[in-house]
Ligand SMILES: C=CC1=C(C)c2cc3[nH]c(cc4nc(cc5[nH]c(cc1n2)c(C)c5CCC(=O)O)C(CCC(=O)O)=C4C)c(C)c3C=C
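Below sits a lone chain in structure tokens, taken as the form predicted on its own.
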């Protein structure tokens, strides 16, 4: 016998409101204060991460706690004070990342179910605080956005590690997505090129060449399979094509060495010294691996490496700002987020 379903019961359920979606921008991190105690807390968290320093054995713990955390915080605190945002009493990285999140929220404001927040892998606001805040606002889905164009285990992967740790403690987990690296994304390369061209046009001198300086990494990490070096090369090659430059006019280097191991070469500081001694008098430096200006760009490049260049005979040096919260920089973040939110919004 055929059963008949009443028309009323066959009606589809009323469409429910779209589930809220959270977008969490995540950058590396910063001390809460520009003094030795604040830097010590930050460095301890950073250097205790096995993704950053892979050998976390007894010897490293003795070196970290007995030597590094006793002396280095005072020195680095002085560097942070050179670039500190005194008006807000925070590092520029925190100021810029907050602004990036605010601008992204405005750009997505026509999608009322999307909530944007920001976090730091080390320091505050923490990834846990960011995820908790999004969940408290009703977000059932979260897109984590590591703000690293080039993937490395010591940046992108450790963000994922921490996001997963936070979710592992939750009974009712949100659905998660993570944006991929965007090292040769067309919007990113165009934004870099535009920022370089705009900056060069504003200078009172014409650089003889441009140095693209990326954060360094122990060579052993790449030997074990980290794709970071290849991503940096791909970014530089794409930028050369866009700018119409070859390897003699746009150089690739690596900065921020730490410890005694061999790191990726050529080293930025050694390159500054060599270029000046070889007769180069005017250069500009761009830092494509950083999505926001920070200690490594504002102090290490714009001050320390500028001094190395000039001390060895160079005359004019200019550090090109990161994409930051500029219009081209926000185009990159917005395009990346909208692409990865497809199907959710």
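This structure is a prediction, so every number in the text was calculated from the model and none was measured. Residue numbers count along the first chain shown, from 1.
The protein also exists as the form predicted in complex with the ligand; that form is not presented, and the subsequent description refers to it.
**Student:** Using a 4.5 angstroms cut-off on non-hydrogen atoms, would residue 231 count as touching the ligand in the predicted complex?
**Tutor:** So residue 231 does not count as contacting the ligand.
**Student:** Please check if residue 72 has a heavy atom lying within 4.5 Å of any heavy atom of the ligand in the predicted complex.
**Tutor:** Flag for residue 72 set to yes.
**Student:** Can you work out whether residue 121 and the ligand are in contact in the predicted complex, taking contact to mean some heavy atom pair no more than 4.5 Å apart?
**Tutor:** The answer is no: residue 121 has no heavy atom within 4.5 Å of the ligand.
**Student:** Even though the ligand is not shown here, does residue 76 get within 4.5 Å of it in the predicted complex, heavy atoms only?
**Tutor:** Answer yes; at least one heavy atom of residue 76 falls within 4.5 Å of the ligand in the predicted complex.
**Student:** Please tell me whether the candidate spot formed by 93, 218 and 294 is one where all three residues come within 4.5 Å of the ligand in the predicted complex (heavy atoms).
**Tutor:** Contact check passed for all of 93, 218 and 294.
**Student:** Out of 196-204, 124-132, 266-274, 220-228, where are the residues with a heavy atom within 4.5 Å of the ligand in the predicted complex?
**Tutor:** So the stretch in question is 220-228.
**Student:** Between 302, 41, 64, 52, only one gets a heavy atom within 4.5 angstroms of the ligand in the predicted complex; which residue is that?
**Tutor:** Checking each option against the ligand in the predicted complex, the one that comes within 4.5 Å is 52.
**Student:** Quick one: of 319, 308, 280, 47, which gets a non-hydrogen atom within 4.5 angstroms of the ligand in the predicted complex?
**Tutor:** If I apply the 4.5 Å criterion carefully, the residue I get is 47.
**Student:** Which residues in 146-168 have a heavy atom within 4.5 Å of the ligand in the predicted complex?
**Tutor:** Contacting residues: 148, 152, 154, 155.
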